[in-house]
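First, one chain by itself in structure tokens, the form predicted on its own.
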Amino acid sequence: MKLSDFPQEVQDEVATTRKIVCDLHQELINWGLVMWTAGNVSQRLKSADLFVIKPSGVMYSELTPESMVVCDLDGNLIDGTRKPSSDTASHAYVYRNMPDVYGVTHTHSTYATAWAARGEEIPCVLTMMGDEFGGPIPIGPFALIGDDSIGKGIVDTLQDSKSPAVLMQNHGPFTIGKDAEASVKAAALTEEVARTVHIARQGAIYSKVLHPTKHKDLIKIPQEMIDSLNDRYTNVYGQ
């Protein structure tokens, strides 16, 4: 099936979504979340079972709305002149199995990926984490690129979690959201807390060496407090 076979309403939404997704890839650069051609953002349409995603292996400086590709929820190319991202099957799996998700972002941001390389979740020791993630940022299983194995790992890890982010072991962060912008925001905050908690832990190690009887470890926030933070952030914060 070709894009021209879909109703005009769908074609119009594709045009709008292509620009949104293209612009959000620039935000990955702005926040220092990607390098070279790595990383991708996608957004699912409201009017049809389609999504828009970055083409594979294209420099960010060369991305245009027209270069974004359109796929169905099985990852098949519907419209575009270039191959879809190598993570397309994973995005498609998420959309098929998490119907409330309309945006997915993947980066290899430095600090978050360092936690993924250790296979270690980021503990919830910051109120920002309680707000955005509702607890620790979990680790997902190791999976190879190329099919929907990564997508399955994302879904299995996040389907019962409040976190919009998962650190796929030995790979890097994937984030989800109500739209692509929300998933990009979650990616930026994932890197921010990964860096901050890493620095805090290094300080705790240094303190233990210098003051073994007085050192401070990371202080985890009790779950009931995390739940309160997350509820306020979700239902009260902002306009």
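In case it trips you up, residue 1 is the first one in the sequence shown, and so on. Quantities reported herein were computed from a predicted structural model and do not represent experimental measurements.
The same protein also exists as the form predicted together with another copy of the chain; that form is not shown, yet it is the one meant from here on.
Engineer: State yes or no: in the model of the complex, is some non-hydrogen atom of residue 120 no more than 4.5 angstroms from a non-hydrogen atom of another copy of the chain?
Structural biologist: Yes - in the model of the complex, heavy atoms of residue 120 and another copy of the chain come within 4.5 Å of each other.
Engineer: I'd like to check something about residue 176: if you look in the model of the complex, is any of its heavy atoms closer than or equal to 4.5 Å to a heavy atom of another copy of the chain?
Structural biologist: No, residue 176 stays farther than 4.5 Å from another copy of the chain in the model of the complex.
Engineer: Just checking whether residue 47 would be counted as a contact of another copy of the chain in the model of the complex - the rule being heavy atoms within 4.5 angstroms.
Structural biologist: No, residue 47 is distant from the partner.
Engineer: Is residue 111 one of the residues lying within 4.5 Å of another copy of the chain in the model of the complex, judged by heavy atom distances?
Structural biologist: Judged by the heavy-atom cut-off of 4.5 Å, residue 111 is in contact with another copy of the chain in the model of the complex.
Engineer: For this chain shown on its own, do 27, 202 and 211 all sit within 4.5 Å of another copy of the chain in the model of the complex, going by heavy atoms?
Structural biologist: Verified in the model of the complex; spot residues all in contact, yes.
Engineer: 125 to 133, 154 to 162, 91 to 99, 70 to 78: which one contacts another copy of the chain in the model of the complex at 4.5 Å, heavy atom to heavy atom?
Structural biologist: Flagged stretch: 125 to 133.
Engineer: Let me know which residues along 1 to 39 have a heavy atom within 4.5 Å of another copy of the chain in the model of the complex, or say none if there are none.
Structural biologist: 27, 29, 31, 34, 35, 36, 37, in sequence order.
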